[in-house]
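Given as structure tokens, the chain that follows is alone and in the form predicted on its own.
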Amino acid sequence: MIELYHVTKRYPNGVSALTDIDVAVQAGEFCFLAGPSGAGKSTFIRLLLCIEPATEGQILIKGRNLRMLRPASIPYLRRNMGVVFQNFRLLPHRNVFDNVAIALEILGISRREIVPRVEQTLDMVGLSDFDRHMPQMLSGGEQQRVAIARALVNEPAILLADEPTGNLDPTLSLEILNIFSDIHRRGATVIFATHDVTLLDRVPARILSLNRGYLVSDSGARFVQRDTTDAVPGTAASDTPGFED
């Protein structure tokens, strides 16, 4: 589903954030993207989202070469991808329900469809009773759950997480990781970037380790069988929509 061939990202100041990355992630995998700060994890995520282009090499998502995409086609790519950042990026003047609903409003989905989908997603992350709360009324862990719900509500085939537990204590970090593990079991492909080595043995996952922009190791489960009997609609490998180019 995600393929990188000899990918390098070099900035104008000459710094290489990633160097000659060659890796493939199958549909339905859970992959940790591990490494210390500055290892290149965030750059890896940004390249997949087309926030930045690769300097060298090729990136394919579901067989489509990102280098060949027109700018107008990037939103179609992102519709199949959910992303969660370390900073929650919630809208402070909108309540929990509306912070999640905005992901569907942008796509022009009707309110009649938005309401049940948001309610179902908030239930999935354990926030059914918080739908009218404002972000500032929530704990850090609860705000991150809202951010996860916003990433999930569009039922993406791929879920990317860039240090989603970086601002949380160990107990909350494990709770958030368990949510991602449950999302994976429902059918999504998950790439979870973290510098927290204590999380790496908590779920059976493949570990892609970065250091100073290099992929220094690739270990762990190559593929964990998903529970397709309880798959989120639109995320099973046989039910994943393509994107336009």
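Being a predicted model, the structure only gives us computed values, none of them experimental. A residue's number is simply how far along the shown sequence it sits, counting from 1.
Below: the form predicted in complex with a small molecule, not depicted.
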query	finding
Partner-facing stretch of 36 to 44, 198 to 206, 178 to 186, 57 to 65, counted where any non-hydrogen atom is within 4.5 angstroms of the small molecule in the predicted complex	36 to 44
Heavy atom of each of Ile21, Glu29 and Tyr214 within 4.5 Å of the small molecule in the predicted complex	no
Listed residue that, although the small molecule is not shown, lies within 4.5 Å of it in the predicted complex (heavy atoms), from Glu155, Glu142, Glu163, Asp131	Glu163
4.5 Å heavy atom contact, Val25 and the small molecule in the predicted complex	no
